[in-house]
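The chain that follows stands alone, in the form predicted alone, written as structure tokens.
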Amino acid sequence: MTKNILYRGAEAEIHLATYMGRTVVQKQRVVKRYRIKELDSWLIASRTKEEAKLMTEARSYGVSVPIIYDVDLAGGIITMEYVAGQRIKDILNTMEHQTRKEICRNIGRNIARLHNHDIIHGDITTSNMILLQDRIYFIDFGLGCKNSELEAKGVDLHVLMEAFESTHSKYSSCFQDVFSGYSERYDGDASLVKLKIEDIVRRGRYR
């Protein structure tokens, strides 16, 4: 099996590899030498299992994520479909206004599908979304979890709001389009989520 490193982070390495004749992406969690070996092995296995489970659930609820081909808990490796599209981060600023608006609304609709089933992504940024043939794929559920609390959903969306303000500052109003799409699909009271986001913003301001 041949491998090329696409990304090396503090928690994981992302490889482009060949698996059973397919070009795939492998996410491998990094061993932490400062941790007790048994604890580190347990954490790697449990976090790998949780991430794979969240991705599988998300897909079952209509959210586009890479197909998982194999999970190696001992090695901390998830082998998944290589989505050969473009990161939303890299193309959002160059889109026509109406296209950008609809992309943002679709992002919001998909986040609502996750939140309707208490799936918290944990790192919703435009770096973790890939556009391929009009479908938005969500990647990197490594910080994700299941949580039904309004706070968790508000934090999830607040992360994206901050990403727009920093990476796409010229189009930071796009978050309004995201929330519009979110409101269309969210099964609960979206106004309560909005109030929670505003509360999180205030708390950050007065730390």
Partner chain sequence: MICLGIEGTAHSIGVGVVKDVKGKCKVLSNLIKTYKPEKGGIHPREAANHHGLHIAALIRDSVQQAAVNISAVDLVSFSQGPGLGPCLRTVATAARALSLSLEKPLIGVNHCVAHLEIGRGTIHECTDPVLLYVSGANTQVIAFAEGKYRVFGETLDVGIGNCLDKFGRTLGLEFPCGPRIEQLSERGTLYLPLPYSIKGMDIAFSGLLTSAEEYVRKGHPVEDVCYSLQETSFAMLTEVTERAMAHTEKQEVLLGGGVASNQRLRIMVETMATARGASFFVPRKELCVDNGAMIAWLGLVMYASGVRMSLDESVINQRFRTDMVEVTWRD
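Computed from a predicted model, the values in this text were never measured in an experiment. Residue numbers count along the first chain shown, from 1. What we label the rigid core is the largest C-alpha set whose atoms superpose within 1.5 Å from one form to the other.
Here the subject shifts to the form predicted together with its partner chain, a form of this protein not shown in this document.
Its partner chain is not drawn, but in the predicted complex it has no heavy atom within 4.5 Å of Gly21. Its partner chain in the predicted complex is approached by Lys32, whose closest heavy atom lies within 4.5 angstroms of it. Remark: His117 does not count among the residues lining its partner chain in the predicted complex, judged by a heavy atom distance of 4.5 Å or less. For the chain shown alone, Arg87 is a contact residue for its partner chain in the predicted complex, at least one non-hydrogen atom being within 4.5 angstroms. The candidate spot formed by Gly122, Val155 and Val159 is fully in contact with its partner chain in the predicted complex: every one of the three has a heavy atom within 4.5 Å. For its partner chain in the predicted complex, the listed stretch (32-40, 64-72, 49-57, 174-182) containing residues with heavy atoms inside 4.5 Å is 32-40. In the predicted complex, just one residue of 129-150 lies within 4.5 Å of its partner chain by at least one heavy atom: Leu143. A displacement of less than 2 angstroms separates the C-alpha positions of Ser64 between the shown form and the other one, with the rigid core held in common.
If you fit the rigid core between the shown form and the other one, you'll see the Cα of Ala52 move by less than 2 angstroms. For Gln176, a C-alpha deviation below 2 angstroms is recorded between the shown form and the other one after rigid-core alignment.
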